[in-house]
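Next come structure tokens for two forms of one protein chain, structure 1 first, structure 2 second.
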Structure 1
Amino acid sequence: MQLTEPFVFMGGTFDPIHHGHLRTALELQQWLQVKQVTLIPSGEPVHRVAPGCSARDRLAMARLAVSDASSLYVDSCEVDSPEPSYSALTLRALRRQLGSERPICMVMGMDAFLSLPQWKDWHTFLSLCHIIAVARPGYAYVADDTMEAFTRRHQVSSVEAFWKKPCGGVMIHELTPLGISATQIRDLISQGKTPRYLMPDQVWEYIKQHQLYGYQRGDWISDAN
């Protein structure tokens, strides 16, 4: 029997947010049969190079992107926090906020999942949440001994079983992501080319208004370029 409505979230830089992020979140919401999936933009990410724009801009764009989607929500907890954006800190804060009985589920890509031993306090994650690792169909699951044993020990076979406890399970879910990347979008903008249709229109308008990612108003004639 399910304990209570699960809290499912996807973290990331969302630099900028695009239709690939949004479609993944929506498909997860439908597959897991939860009311909402929450997106948590990072403040100052610690596992990658600095984002192309400020945390506040990335947060604003994410909020614009989900403004008409009741099944998706954006949480500002990492952007608002004065601490670095370590997942361990975010999970502890969420557990304090949501209580000990509510299921919490962290969604991540397969590459991130396989790199977990490099993350701060990763061994504490399953005492705080469940983990869903999203893999492309036909993905060859190649894990080192540590992650192979970790997955085998904690893997859960069904969504129903997942929600019977507040934390402690791992699921690998195959999903076909849209072939869109934030890097691709940033490169297009810096080259004076339009990224329209790769992201929500309101996000593209925000980028132009605030001249992010190298956008220069004088270089553009129209979005037909």
Structure 2
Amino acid sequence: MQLTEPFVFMGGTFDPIHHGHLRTALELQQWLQVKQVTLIPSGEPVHRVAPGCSARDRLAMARLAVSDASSLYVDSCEVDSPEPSYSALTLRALRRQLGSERPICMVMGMDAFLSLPQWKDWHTFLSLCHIIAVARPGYAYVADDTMEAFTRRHQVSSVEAFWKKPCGGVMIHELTPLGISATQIRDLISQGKTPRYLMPDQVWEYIKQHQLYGYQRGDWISDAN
């Protein structure tokens, strides 16, 4: 028997959001058969260098990207919070908000999953949520001993098994592989090249309008791109 509608979310810097994020979220929504997948852009990230633009801009771009997709939702909880963006804090807040019975599932790309031991309080995560790690081109599942043991111990084999509990399971899943990264997009823009079709057009328009990531009108061979 399934407990109440699962809450599925994907955190990230989304600096900027791109089709790798969006397609991943949408394919998971279909595969897991949930109504919605929530994207949670980080405030000030703690595991990485400062983002290329403000949290408000990253949030605005994420909202633009999902504005016509009812199965994707952007939550501003981390951007609005005065606390640093630790997943452990977000998970505890979600659990308080949603109650102890509702399944919560955190989605992450393989690079993020394999780096989990560097995340604050990562050992508490499975007492608060399930984890789905999605394959990502360029990041094979080559786990160190810690992650190998962690995966083996908690891995479940079906979505049905996942939803029988509110938390505690790990699944590794393959989706349409899209080798897009926000780093690649930031690099293209700073080199005066277009990132068009790697991300929604509305997001690219926002970047040009706000002159983010070093974009400067006039530097471009054609601003029509």
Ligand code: ATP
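If you superpose the two forms and keep the largest set of C-alpha atoms that fall within 1.5 Å, you have the rigid core. Computed from a predicted model, the values in this text were never measured in an experiment. FYI, numbering is relative to structure 1, first residue = 1.
Taken from the structure described as the form predicted on its own is structure 1, whereas structure 2 is drawn from elsewhere. Comparing the forms between structures 1 and 2 on their rigid core, the Cα displacement of residue 80 stays under 2 Å.
Comparing the forms between structures 1 and 2, the C-alpha position of residue 97 differs by less than 2 angstroms, with the core used for superposition. Core-aligned CA deviation for residue 71 between structures 1 and 2: less than 2 Å.
Lined up on the core, residue 138 has its CA atom moved by 11.2 Å between structures 1 and 2.
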